[in-house]
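Each of two forms of one protein chain follows alone as structure tokens, named structure 1 and structure 2.
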Structure 1
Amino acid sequence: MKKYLDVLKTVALFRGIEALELLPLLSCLSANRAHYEKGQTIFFSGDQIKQFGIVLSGQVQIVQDDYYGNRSILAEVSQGHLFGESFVYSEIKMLPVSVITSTESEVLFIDCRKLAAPCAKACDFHSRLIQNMLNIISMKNISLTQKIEFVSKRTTREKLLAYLSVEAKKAGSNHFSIPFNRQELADYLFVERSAMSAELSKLRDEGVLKYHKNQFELMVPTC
């Protein structure tokens, strides 16, 4: 497990916990590790799970199969990130998704009940862990809500402006950069890259905004 200390230090769930304290903590949590080949299934749709996972190496995907057998990828989870935590804490009886490895992977499992329960050694990491867990799930919540707000707009133009508005607000300036290239932004907003590019040009021509690469500037609205 020591070989993964560098990864564990970056895991949001362990934020505020010293590297030296990590290994004892993991044993207190009865964390157990597993190795998977590429394409193996970690959790099966329909399972009831009590443990969430942490990707120590490799990458896993959250996938969903529809009534007709078509599989879609809901999320990709990379090194240092959690998966399954929302399903565990929502206490659903049947997992509506499957979790599979997209590469050879090493995964750490932690039982959600161990996280809350004050342990025999009365170690006081538990409240820290709970806070971190609430933090992780809440932040995901906010970004999901935000994304839904964007994609609720009916046209590419509206989606773009909604997104750029929020980015400007976040940056606290009408001049800001975004963390996506065109293709990634189009994927994020669920629109065509080509149509989006065209719309961006149009917005530029209309004087609504300026841009260069991933640097954007929203013009002041002339009411």
Structure 2
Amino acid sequence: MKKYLDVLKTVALFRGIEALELLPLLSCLSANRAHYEKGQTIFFSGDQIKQFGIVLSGQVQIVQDDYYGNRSILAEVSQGHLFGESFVYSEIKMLPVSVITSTESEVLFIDCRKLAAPCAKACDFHSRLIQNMLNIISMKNISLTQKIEFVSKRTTREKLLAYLSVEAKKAGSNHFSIPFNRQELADYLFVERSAMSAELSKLRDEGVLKYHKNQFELMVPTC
């Protein structure tokens, strides 16, 4: 785990915990690491899970498939971020989503029961971890509200511009990259890929934006 210390220091769950304490902390939590190739499923819809994950490297997606096999991407989880924590603490019996790697990934798993219950050593960090977890879940609720704003827009054009505007603000620049390819972006915004691609071409032709693959530039209005 030493090779991932720089990543672990950025994880919101471990905020306020000294770097020297991280490895003993992970030992106390019985954390375990696993490697996945691109496209592998970490959690299947219908699973009953007791662990949540932290992405040490790579990227994973939270997806939902309907009865007819149509896929929606609910969230993208990048290095240093958690997934599955809301589901393990809600104690639902069956996971309503799947978690799939979108790149080769390394994942750290933590048993939810180990985090919530003080251990025999009476480690001081448990209360800090619980506070941090509450903050993470709260911030994800806010992010979910933001996504609802995207997908509730009436047209594909409005959905695209709302999403790209937020990504530009996050990057602090009108030049930015997004974590999705075209199909993934369509799945994330709940639109048809062909309609979305046509709308992107229109926006480019109108001088609203420029793009190449997952690199975008929102043009500054001249009036």
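Every value quoted in this text rests on a predicted model; they were computed, and no experiment measured them. By rigid core we mean the largest C-alpha set that fits within 1.5 Å across both forms. Just so we're on the same page, residue numbers count up from 1 along structure 1's sequence.
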- Item | Form predicted together with the DNA - structure 1 or 2 | 1
- Message: So that I can tell if H81 moves, could you say whether its C-alpha shifts by at least 2 Å between the two structures after the core superposition?
- Response: no
- Message: Please state whether K213 has a C-alpha shift of 2 Å or more between the two structures, with the rigid core used for the fit.
- Response: yes
- Note on the structure: Two rigid parts, C-alpha superposed; the smaller one turns between the two structures by a whole-degree angle of 39
- Note on the structure: Rigid core fixed, the Cα of E149 shifts between the two structures, in Å, by 6.2
- What is the magnitude, in angstrom, of the C-alpha shift at K169 between the two structures when the rigid core serves as the superposition reference? 14.9
